[in-house]
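First, one chain by itself: the form predicted alone, in structure tokens.
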Amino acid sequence: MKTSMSKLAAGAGLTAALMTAGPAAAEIRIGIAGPVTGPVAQYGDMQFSGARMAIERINANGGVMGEELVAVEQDDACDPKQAVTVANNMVNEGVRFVVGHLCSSSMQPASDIYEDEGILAVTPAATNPAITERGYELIFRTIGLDSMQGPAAADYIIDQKPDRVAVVHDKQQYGEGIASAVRDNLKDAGINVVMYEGITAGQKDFSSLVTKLKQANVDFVYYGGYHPELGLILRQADQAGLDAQFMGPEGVGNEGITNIAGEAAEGLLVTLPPSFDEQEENQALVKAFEEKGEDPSGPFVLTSYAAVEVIAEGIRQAESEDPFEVSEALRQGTFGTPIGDISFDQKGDLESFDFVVYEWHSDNSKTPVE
């Protein structure tokens, strides 16, 4: 009897405490899905940094319709199978909005789940066109497409008038997709593409590839993929005395390429989003990142910030947290963000986005190529 009465008293006390405290503060859960671990975790750092900063600043200004944004963070390791697990976790967590995924090969299968489960997702980094070509209502992106980036790279290569070009890719959705776009544009322009070769992601020894490149007497190599493999290719090509200009997409443009390739990274050409962190209107935001000891210059930092912003503004404009109503608002509006004023087409892609050709330096700086 004493034990039962004690439990009843404790329960009554807890009920009174909850009644005194009042209802829990309303919140809007924003999933952030990207690589925390794995070979491209450095890009995930950019994504999480940008999204967290946007959530923090929006909350500091009163949140969205009086509700606080709360991040739900998941690591997909840029692995398609893990991305599916992450997407299902988001469903189970009751998340209705997601910033992610970063890699195209992860975003593709995850987006199937988001669309089926009524979750609106904005990727700040996945550039493969196939992601938004399926007529989905709830999938958006705050970065340009490979069909924009590929021609930007190809136009530069065409202007250089190389004699013999090799196009190499990592056989993954992102890498092979952009490599194919570059190859096709070069061929259409009459450029002599003498090699189109696939390597395996995670591969370490590229001696046979370098030998083929030397035997083909190439003077320009375009690589589609991420920095871990290209860094090794650059280093091994330099050691073998291959004299060719290398170029790659935004997936190779970070300090990891220099950590792997060393001096061989000097002069690498990279297509990247514009340096939004250098724009005058973003300097207060840049200072906020720097005060937290974070670098806002990575290609996916401010595209991730923008992804959170458009979700928040879409909710405001729709006056609803229903993802389908927010989706409609996104397609109808124009949104001011650190990457400029942006609007979406019916597929969920940006109406316009520019990629810039940069020369990469072995001190991790970059300069735009005129």
Partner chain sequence: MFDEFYFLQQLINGLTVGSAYALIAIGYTMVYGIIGMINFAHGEIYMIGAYTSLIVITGLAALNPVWLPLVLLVALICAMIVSSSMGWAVERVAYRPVRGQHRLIPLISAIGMSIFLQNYVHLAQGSRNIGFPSLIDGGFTFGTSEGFQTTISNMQLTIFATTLVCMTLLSLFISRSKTGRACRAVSQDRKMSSLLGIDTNRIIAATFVIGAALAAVAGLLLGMYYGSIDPLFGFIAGLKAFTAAVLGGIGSIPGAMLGGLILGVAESFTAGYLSSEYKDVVSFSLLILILLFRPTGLLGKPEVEKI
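Values in this document were obtained by computation on a predicted structure and should not be read as measured data. Numbering follows the first chain given and starts at 1.
Just so it is clear, the following notes concern the form predicted together with the partner chain, a form of the same protein that is not shown.
Asks: Would P228 show up as a contact with the partner chain in the predicted complex if we use heavy atoms at 4.5 Å?
Replies: Result yes; P228 sits at the interface with the partner chain in the predicted complex.
Asks: Please run the contact check for T211 against the partner chain in the predicted complex: heavy atoms, 4.5 angstroms, yes or no?
Replies: T211 belongs to the contact set for the partner chain.
Asks: Can any non-hydrogen atom of S207 be found within 4.5 angstroms of the partner chain in the predicted complex?
Replies: So S207 counts as contacting the partner chain.
Asks: Determine whether any heavy atom of V194 comes within 4.5 Å of a heavy atom of the partner chain in the predicted complex, and answer yes or no.
Replies: Contact check for V194: no, nothing within 4.5 Å of the partner chain in the predicted complex.
Asks: Any chance Q203, Q215 and R235 all have a heavy atom within 4.5 Å of the partner chain in the predicted complex?
Replies: Every listed residue reaches the partner chain in the predicted complex, so yes.
Asks: Just one of V286, I199, L269, I157 has a heavy atom within 4.5 Å of the partner chain in the predicted complex. Which one?
Replies: Contact check passes for I199.
Asks: Would you kindly say which of A71, I113, A130, I260 lies with a heavy atom within 4.5 Å of the partner chain in the predicted complex?
Replies: The option sitting close enough to the partner is I260.
Asks: Quick check for you: of 274-282, 135-143, 78-86, 252-260, which stretch puts a non-hydrogen atom within 4.5 Å of the partner chain in the predicted complex?
Replies: So the stretch in question is 252-260.
Asks: Can you name the residues of 43-64 that have a non-hydrogen atom within 4.5 angstroms of the partner chain in the predicted complex?
Replies: Contacting residues: none.
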